[in-house]
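One chain comes next, on its own, written out as structure tokens in the form predicted on its own.
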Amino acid sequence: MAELENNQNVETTVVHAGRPERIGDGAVNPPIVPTSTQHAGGQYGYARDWSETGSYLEEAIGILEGGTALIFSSGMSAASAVFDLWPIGTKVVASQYSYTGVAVRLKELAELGRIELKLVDVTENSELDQVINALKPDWVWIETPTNPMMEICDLRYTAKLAHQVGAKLLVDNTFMTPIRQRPIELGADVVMHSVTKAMSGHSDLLMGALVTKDQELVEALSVRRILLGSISSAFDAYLALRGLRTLAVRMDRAEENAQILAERLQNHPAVKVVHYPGLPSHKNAGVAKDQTSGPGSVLSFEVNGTATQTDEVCENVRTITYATSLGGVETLMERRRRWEKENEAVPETLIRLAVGIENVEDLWRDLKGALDPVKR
């Protein structure tokens, strides 16, 4: 991972970025300023425009990702701010597998005639080349790893293709966080996060973020945030910044656990296949190793059985939590196709496992116990 400001490594920066000025008897942590109204005479004047507590979090995220950050009330509100910039007829290339909310919204915009949408297999550079050069999109929207299939996209190559046709590249970096992957350094124009997930890390808030070095985009997205009313609360910003401080150590522990579980799962007779970039069997493991500093803490696997049996696996865990979401200190799992709007190409028996920081032997005992009864 590249060094950041003042030659600090990211593990140090995540602890110290976004703090108040160091003065005698001053606070080490930013204050929670719960106000909707601000005195006249300043730059902003209203909390929908700017939040003092939120500004510290934006500073930290911006430093970590290498741009200017804006926080939003959820990941989907951050995505919606970008969608709201697109005039009718905007051409968009996107991952064939994406977070459900984004995928559904892109499809809706296409069906409404707002955008021209082309979905692509982001693991194949030749397909990316063909589609981007044929469509000449305005935007390329990429997740890597993709949700929930854990596919890896070559970001340097994709950025080059996008820029050759004048497109902007947006990368959803929720799974990897800037601790493991920094898309702007790889050529991305905009980075998106669901701060709800690993960035805050405790499953207790909703928040999104966008980061870019393009100041015109910063201004445009800031206006969208104001008009869409999607600013975050001071308390949520405080919680997110508090959680961010431990991101590096949480990611280290959760990733270590995920690697062990992935290796054991691929040898369990009730498991058909494991999708995890930390395994040599992963299609683009080499690309992942080149552009990240680790494979992350999320994996998915397919049960060698039926959808009903897969549901039973999720229902029978006791230490692991059967729930949606990811990136918290607790391990979560679910069958993704239980959601009506999930991509129909996702296998019915696929389980997404978002690994937390518990003792890995406890996690494996629980997971193995739920898998062992699956009839084969």
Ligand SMILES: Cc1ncc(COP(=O)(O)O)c(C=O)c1O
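Here the structure is a predicted model, which means the values were calculated and not measured. Start at 1 and count along the sequence shown; that's the residue number.
The same protein also exists as the form predicted in complex with the ligand; that form is not shown, yet it is the one meant from here on.
Mapping the unseen interface onto this chain, residue 236 falls outside it, with no heavy atom inside 4.5 Å of the ligand in the predicted complex. Although the partner is absent from this view, residue 301 stays clear of the ligand in the predicted complex, with no non-hydrogen atom inside 4.5 angstroms. Under a 4.5 angstroms non-hydrogen atom cutoff, the ligand in the predicted complex has residue 197 among its neighbouring residues. In the predicted complex, the ligand sits within 4.5 Å of a heavy atom of residue 76. Although the partner is absent from the chain shown here, 147, 172 and 207 each have a heavy atom within 4.5 Å of the ligand in the predicted complex.
Residues of just one listed stretch (130-138, 189-197, 257-265, 287-295) have heavy atoms within 4.5 Å of the ligand in the predicted complex: 189-197. Contact with the ligand in the predicted complex, defined as a heavy atom within 4.5 Å, holds for exactly one of 64, 326, 351, 69, namely 326.
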